[in-house]
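Take a look at this single chain in C-alpha cells; it is the form predicted on its own.
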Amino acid sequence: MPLVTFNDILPQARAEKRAVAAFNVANLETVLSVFKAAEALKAPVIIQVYQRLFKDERAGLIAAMVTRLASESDIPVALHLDHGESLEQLRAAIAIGYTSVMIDGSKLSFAENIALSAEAARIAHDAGVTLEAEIGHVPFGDGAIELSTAAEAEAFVAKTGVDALAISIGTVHGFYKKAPELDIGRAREIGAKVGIPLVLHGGTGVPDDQLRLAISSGVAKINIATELQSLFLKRIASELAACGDTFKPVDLCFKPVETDVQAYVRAKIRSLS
C-alpha cells in the first residue's frame, strides 16, 4: 500500500491504548530489518530518519527504499523526518516523499516554539502530510531535562494544530546511566488535556512496565534509535571478529546481523501493542 501519515495510524493506536514503534534507520540493512519485522507481525510501523541524514543523499535513497517496500506490502508504513531543524528541511523531506515530519523547536522559548510549529503545521498540512512537534525538552545524554506541563500542552496544541506532540516526562536520548523513572502522573495530566497522540522520545532502555503506563496515558508513538543502532553495530563487530583474516562478502556478513535486529524489532513491537 502507499505510505501513510500519522493520522492514519496514531489516533487509533491512542484510542486502543497501544503505541506504534518508530525506529530510526540509517542504511539498507536497518530499513530491511525494521520493515521485515513489522511485516511478519502485520503491524503498523514508523520508519524515521534523523535530520543529519538529510544533509546528503541518504535520506532520499532511504525514502525510495521504504516507498518501494511499502508499495509491495499491506502493512501501514509511515516515513518520518525525526528532529527536523528548519522549515527548509521540512520542505525538502516532503518533496522527496516523507509522509510525516517533525519540527524541533524545544530549545526555543515557548512563544517561539509555538510560532515555528504553527508555520510548520501549515506547510505540512498544505502538502497532505502530518507534523510532530515537541514541548519541554528531551536532551541527549547528560543534558538537562525540561519537563512538559499539561497547561503548556493544551495551549500549544490549540495554537499550532500539530498532529502529534512529543512530551518530556523524564526520558533522554541515548543510553541511561541508571534506570529512568518516568513522571506518569504528569503524562496522565497531559493526556487528559490533549486529545491528539502523544510521543515519547528516548524509548531506549525504558522498562516495559513504564512504557505501558505511558501508553495508557495517551502516548501512541515511542521512538527507538540508540538501542537498535547499537545492536546493529555490535553484531557487525562480532561478525567481523569471527571472520578474522578470512574474507566474507558484505551481504553474507550482514545476514546474521539482520536476523538479530529483526528479532529485536519484533519483540519491541509486541511489547507496545
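When you see a residue number, it is the position in the sequence shown, counting from 1. Remember, it's a predicted structure, so these values are computed and weren't measured experimentally.
This protein has a second form, the form predicted in complex with a small molecule, left out of what is shown; the following refers to that one.
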| property | result |
| --- | --- |
| Partner contact for residue 84 in the predicted bound form: the small molecule, 4.5 angstroms, heavy atom | no |
| Partner proximity in the predicted bound form: residue 224 to the small molecule, non-hydrogen atom cutoff 4.5 Å | yes |
| In the predicted bound form, residue 159 touching the small molecule (heavy atom, 4.5 Å) | no |
| Contact flag, residue 197 vs the small molecule in the predicted bound form, heavy atom cut 4.5 Å | no |
| Heavy atom within 4.5 Å of the small molecule in the predicted bound form - the one residue of 91, 188, 173, 125 that qualifies | 173 |
| The small molecule in the predicted bound form: contacting segment from 180 to 188, 111 to 119, 150 to 158, 198 to 206, heavy atom within 4.5 Å | 198 to 206 |
